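Here are two versions of the same chain, shown separately as structure tokens and labelled structure 1 and structure 2.
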Structure 1
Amino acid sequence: MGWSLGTNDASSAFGTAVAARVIKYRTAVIIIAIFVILGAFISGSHNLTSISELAVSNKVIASDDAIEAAVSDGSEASLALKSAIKASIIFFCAGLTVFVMTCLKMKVSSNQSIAGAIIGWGLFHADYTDPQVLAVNLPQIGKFFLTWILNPVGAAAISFALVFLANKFLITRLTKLAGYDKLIKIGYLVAGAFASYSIGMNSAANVTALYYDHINDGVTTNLLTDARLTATIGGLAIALGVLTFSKRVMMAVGTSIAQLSQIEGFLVIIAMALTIVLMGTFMGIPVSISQALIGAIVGAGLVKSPKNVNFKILRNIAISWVSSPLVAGILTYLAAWATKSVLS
């Protein structure tokens, strides 16, 4: 899952820089890998709980009642093993969805795929006709869906404002500076590093949260109990994907949606990273990196004219966003059916 996320989301940090030939691809992926790991290590643990809560309510991770029952009959080890197997199935289905759609050059959301996979599992194992189950699940699911709207719209608004102000007050002056090219390169490097850090901070939980366990009265019911280690493992997996298979999506996103100047491309990355940090801070859950990036590109493109935005490509991307949680959910539903006799 982490590898697939890295192959798909690496474009978010340096796609516009590489496409504009300001930064070399090799330089970009090295910086992304380093700062993704740093973001995961320093700040990645804060999103673990929100993913875990969605997983508990959808019967992926053991609930407190299940833990108490396991303690009373001495089956903690069996419960921990089942939790790990369920998590592996969820991550495999979500990761396969992201990987296949990435190979098809579709810009998907790993966040949506994970949420879709968890909900798909819950639709089989959790009784969604029970009002008590709905009372727990619907607010959580609604919160995830809300970010799918607020995230790209917020990124577009921030990007539009930054690009509009820069075009009005800054760009003409900057282009006249003797060291303009060097300044642009430094700006892209700093913005890309900041964006990469935000990816690690935001997305590490998507990779390993289902293996994380808050120790309950000394009872361990999952594989990982240290929050920082859990997030760092997620960051390492993302970095591996960045380093090995990210070029295709990076170039596609950087060039296909809107034509941007070098400074506009730099501001897009800043807007995306700011959106990720702000959404994570106020919503408390991981948000889609790809949605933030594409929203920011659209916002920047709209400053010149709506004709500057390729809405046909945007439509195809929107279809991908809808498809990824649906496909991941169907896969995990089928997996839940296939393993019901073992994991129920």
Structure 2
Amino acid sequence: MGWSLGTNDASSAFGTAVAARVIKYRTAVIIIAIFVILGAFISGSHNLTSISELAVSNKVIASDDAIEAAVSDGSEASLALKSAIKASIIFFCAGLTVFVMTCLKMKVSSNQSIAGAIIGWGLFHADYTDPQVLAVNLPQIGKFFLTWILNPVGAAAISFALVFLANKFLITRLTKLAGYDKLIKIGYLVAGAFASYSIGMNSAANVTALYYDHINDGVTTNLLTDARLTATIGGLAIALGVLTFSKRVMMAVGTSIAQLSQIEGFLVIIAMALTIVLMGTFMGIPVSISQALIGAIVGAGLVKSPKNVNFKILRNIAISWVSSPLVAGILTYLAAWATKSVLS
């Protein structure tokens, strides 16, 4: 999962800069790898808790009560094994969703697929007809859905503000063409590094949250118990994807937003990164990087005129909102049904 996030999502940090030959591919991947790991190490644990809580309330990760019961009857090892298998099933279903929908050329979000996969598991195993379960789960799910809307909308608003301010105050102060070039180069480096940091912060949780146990009274039934270490492992997995297999996607991302000017290009990336960091800091929920990017592109286009915006790309976000969690949820629901006798 981390490797595929690295090959896909992390490419948005430097795609435009590499495609426009502002920064060499090799330099870009090294910067991405370093800042993804830093983002995961410094701030990655922000998002771990929300995914972990969602996983607990949807019976993917063992709850306090389940652990206590396992300790009392000496079945911690069996519970730990079940937790690992459940996490693997969730990742497999989320990964399969991304793979199949990508093959079908449908828009998909890996972040939303994981959330959908966890909820799908919970719909089978957690009793959603129980008002107590609903009281815990619905606010959590609502928070996830809220961030899915806030993410592109926030990115569009931030991007609009940045491009508007740049037009008003920055371009009028550029006296030399060489200064313009310098601004572009520095702008893309800063934006790329910041975006890499935000991706590390955002996505590391997706990679390892299900192996993390935040309930820790001396007994654990999961592989990892240290939040920072857990997030850093996720960051390392993403960095590996960037370093080994990101060129093709990076070039594709770069050319897909080529209709933007170079200044807009790096401002859009800064807006995307800022949105992701704000979402992680204030909501504690990992969001879709591609949706933040699309939102930021739309926001930049709105500065000139709404006519410049291809509103069809918003339809892609809407499709992704519905299809990614739905398909992943159905897959895990079916997997939960198939493994009921073993993992209940």
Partner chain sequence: MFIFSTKNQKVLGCFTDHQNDVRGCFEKFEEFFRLLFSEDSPDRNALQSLKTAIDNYEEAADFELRHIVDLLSQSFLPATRSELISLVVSTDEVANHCQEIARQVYLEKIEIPKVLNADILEIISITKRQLDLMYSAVDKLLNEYNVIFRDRKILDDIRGEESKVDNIEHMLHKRIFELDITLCEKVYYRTLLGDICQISDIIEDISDQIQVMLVERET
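Because the structure is a prediction, the values reported are computed rather than measured. In this text, rigid core is short for the largest set of C-alphas that superpose within 1.5 Å between two forms. Every residue number counts along structure 1's sequence, beginning with 1.
Peer 1: Of the two forms I pasted, which one is the form predicted together with the partner chain: 1 or 2?
Peer 2: Here the form predicted together with the partner chain corresponds to structure 2.
Peer 1: With the core lined up, does the C-alpha of A17 move 2 Å or more between structures 1 and 2?
Peer 2: A17 C-alpha, core-superposed: shift of 2 Å or more.
Peer 1: Taking 2 Å as the cut-off, check whether the CA of L240 shifts that much or more between structures 1 and 2 after a rigid core fit.
Peer 2: L240: C-alpha displaced by 2 Å or more between structures 1 and 2.
Peer 1: Using the rigid core as the reference frame, would you say A28 shifts its C-alpha by 2 Å or more between structures 1 and 2?
Peer 2: After core superposition, the C-alpha of A28 moves 2 Å or more between structures 1 and 2.
Peer 1: Supposing the core is put in the same place in both forms, how far has the CA of T175 shifted between structures 1 and 2, in Å?
Peer 2: T175 is displaced by 7.3 Å at its C-alpha.
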